[in-house]
Ligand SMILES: Cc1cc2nc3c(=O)[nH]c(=O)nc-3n(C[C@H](O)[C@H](O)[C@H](O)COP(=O)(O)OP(=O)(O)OC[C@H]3O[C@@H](n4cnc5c(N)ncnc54)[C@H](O)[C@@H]3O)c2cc1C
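First, one chain by itself in structure tokens, the form predicted on its own.
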Amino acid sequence: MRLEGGRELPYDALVLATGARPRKLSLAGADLEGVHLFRTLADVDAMKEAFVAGAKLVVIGAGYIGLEGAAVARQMGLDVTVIETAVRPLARVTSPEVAGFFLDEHTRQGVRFVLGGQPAVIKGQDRVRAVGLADGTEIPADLVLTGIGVNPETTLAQHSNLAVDNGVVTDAQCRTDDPAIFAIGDCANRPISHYDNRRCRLESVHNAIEGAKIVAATILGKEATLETPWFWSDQYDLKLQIAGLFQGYDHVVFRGGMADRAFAAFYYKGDRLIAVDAVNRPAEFLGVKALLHKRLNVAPDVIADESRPMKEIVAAASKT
């Protein structure tokens, strides 16, 4: 491996953990003072001074980053508007029912939403003063938070002539098409064993840690113990915990009530349980995480029976 300046480092195994970079707005005015990306602690520090009660914050993007930022801002007394090009928040990561719950909760907290909105320009002289939409609407802004996703950092992989397709392409052991080079974390696109080796590029703490475990085991000639993917998001006093990948589900079963702000949505593909979204229901999250890890299944009618604790359901499934 050659560094800048010409120095070469020999290796038996090389791990690419280059991460991802936040997507930038490709709009006029996106470089104005007061327009922020959100990825690092330095990004947080850059916003702190302007994050004060009464300030007008426009959030572009209603994924986890956007909604978590909106929640913190409302709790600090900012005036918040969220612009999302899709027709609902969290469109890529959860069902319409769960997305609707979070939309209602943010609205109740005072967040305004522009769904199906298309930002066209950031207005201002030296500093942002408004966000202009494609339909001519203008939303006043003292600062703008952009949360429109990330792009995997694959420059080094491409320079090394490694296969790249929405990330660095690897096998199940995180090995690239060069057997001495591995890729892990946000930059890697690997097969997920719990989902019939469907290729995914996952952006999560768990995925980064698991990738490191897989590579360490492989280098040592051992086999890593793989978990199903899991994620979380904190918004207000709501903790959303996700186990599994919901994409491809055809029906959903609920335990608990949205009105109580504590419920779980279980996703099924046919009769197979594939994922759960648990809001303030840690037992359901941990239960499904354990079931998916062991590749066990529970029928929808069993899950729907709230007279049975989740721990009991998991124990019974483990005995079959």
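Numbering starts at 1 and runs along the sequence shown. The model shown is predicted, which means the values in this text are computed figures rather than measured ones.
Here the subject shifts to the form predicted together with the named molecule, a form of this protein not shown in this document.
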item	value
Single option in Gly167, Gly185, Gly147, Gly244 placed near the named molecule in the predicted complex, where near means a heavy atom within 4.5 Å	Gly185
Heavy atom within 4.5 Å of the named molecule in the predicted complex - the one residue of Tyr249, Phe231, Phe102, Phe113 that qualifies	Phe231
Options 63-71, 263-271, 289-297, 50-58; stretch whose heavy atom lies within 4.5 Å of the named molecule in the predicted complex	63-71
Heavy atom of Glu203 within 4.5 Å of the named molecule in the predicted complex	yes
Partner proximity in the predicted complex: Phe38 to the named molecule, non-hydrogen atom cutoff 4.5 Å	yes
Exercise: Ala120 in contact with the named molecule in the predicted complex, heavy atom 4.5 Å	no
Contact label in the predicted complex: Ala86 to the named molecule, heavy atom within 4.5 Å	no
Any residue of 12-34 that, in the predicted complex, places a heavy atom within 4.5 Å of the named molecule	Ala17, Thr18, Gly19, Ala20
